[in-house]
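Given next, in structure tokens, is a single chain: the form predicted on its own.
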Amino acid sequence: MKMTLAEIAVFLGGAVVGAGNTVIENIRPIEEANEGDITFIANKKYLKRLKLTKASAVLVPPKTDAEGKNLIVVDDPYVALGKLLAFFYPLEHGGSGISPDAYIEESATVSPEATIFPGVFIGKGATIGKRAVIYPGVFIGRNSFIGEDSILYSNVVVYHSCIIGQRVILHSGVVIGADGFGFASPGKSNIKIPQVGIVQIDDDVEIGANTTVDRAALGKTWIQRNVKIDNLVQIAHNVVIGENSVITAQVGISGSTKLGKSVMVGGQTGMVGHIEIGDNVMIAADSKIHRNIKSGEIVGGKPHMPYKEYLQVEACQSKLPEMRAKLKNLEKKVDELFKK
């Protein structure tokens, strides 16, 4: 792939500062870039490397100056980088059509425009939409639905009756629709409560490797439009995650908890069940969420608290030994005063 800076600027809706006829062939990190490469700066701490980079051009935010460097000024360099990466390095799946080595049961409907690799199992009544790509080792249960342009990587499992929307990406090891963890008289007779609901995943969702989304006891577990979920996340039965939310690695969300729109959850956060998280909430990594959170709040800690309070608590922890020593010394002096 070769493009001039002027062409790239038009593609990204940016402005060139420097030689617009400079030819770009690759995209590389700022430390590794050389002649013919374009790189980017999305974080202010990397601005000091701008003068040192050997890249032919740099994607930068507005009001960035670098004498002698070719720049493309854009509103958000990271967003621009994403668009440019997709254009320079389009994803190729390396196959087309339906492999004769896939096992497709009778009454399943598979679009002839889909790509089905060897070793795929598609159950009775399942539907696979146009241009869907199903990699080797994928299991799709009976009466499930996979929407157009969705990609299921190797060893994804979609249990029966689940709904996957359009342009959904499920990375390797994802399990959709396993039974929710429902038992009566827990710790005693452990009577299993049948999980007869489904999982619904709306359009443009991406779910990372080895993440699990349990089916509902009744009704549905629902991942709404454009949600992005990292690797190794556990989503329990009847959870609802609102559109545009972002869930990072190793988060656990207990049953029937509801997240609003555009919620951002830091890694290793745990949430109890049957609570509600409002729209636009931000949760710091390794937090433990034990009750409802109102829209727009920023929280952190174990248990969670307002973010500023959480930072104060964290700042005190390293001083606890010193504070303990001072407290003991004060107690000793008070005892001596009482004796006098």
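Just so we're on the same page, rigid core means the largest C-alpha set that superposes within 1.5 Å between forms. Quick caveat: nothing in here was measured; it's all calculated off a predicted structure. When you see a residue number, it is the position in the sequence shown, counting from 1.
There is another form of the same protein, the form predicted together with a further copy of the same chain; it is not shown, and what comes next is about it.
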Answer for S189 alone: is it within 4.5 Å of a further copy of the same chain in the predicted complex, judged on heavy atom distances?
yes
Spell out, yes or no, whether the shortest heavy atom distance between G94 and a further copy of the same chain in the predicted complex is within 4.5 Å.
yes
Heavy atoms within 4.5 Å of a further copy of the same chain in the predicted complex: does G147 have any?
no
Although the partner isn't part of this model, could you tell me whether M305 comes within 4.5 Å of a further copy of the same chain in the predicted complex, counting any heavy atom of the residue?
yes
Taking the partner as it appears in the predicted complex, which of 125-133, 107-115, 67-75, 241-249 has residues with heavy atoms within 4.5 Å of a further copy of the same chain?
241-249
Heavy atom within 4.5 Å of a further copy of the same chain in the predicted complex, from candidates V23, A15, C316, A19, belongs to C316
Considering S161, S256, Q166, Q234, which brings a non-hydrogen atom within 4.5 Å of a further copy of the same chain in the predicted complex?
Q234
In the predicted complex, residues of 181-213 near a further copy of the same chain [heavy atom within 4.5 Å]
F181, G182, F183, A184, P186, G187, K188, S189, N190, I191, K192, I193, P194, V196, E206, A209, N210, T211, T212
Relative to the superposed rigid core, does the CA atom of E25 travel 2 Å or more between this form and the one not shown?
no
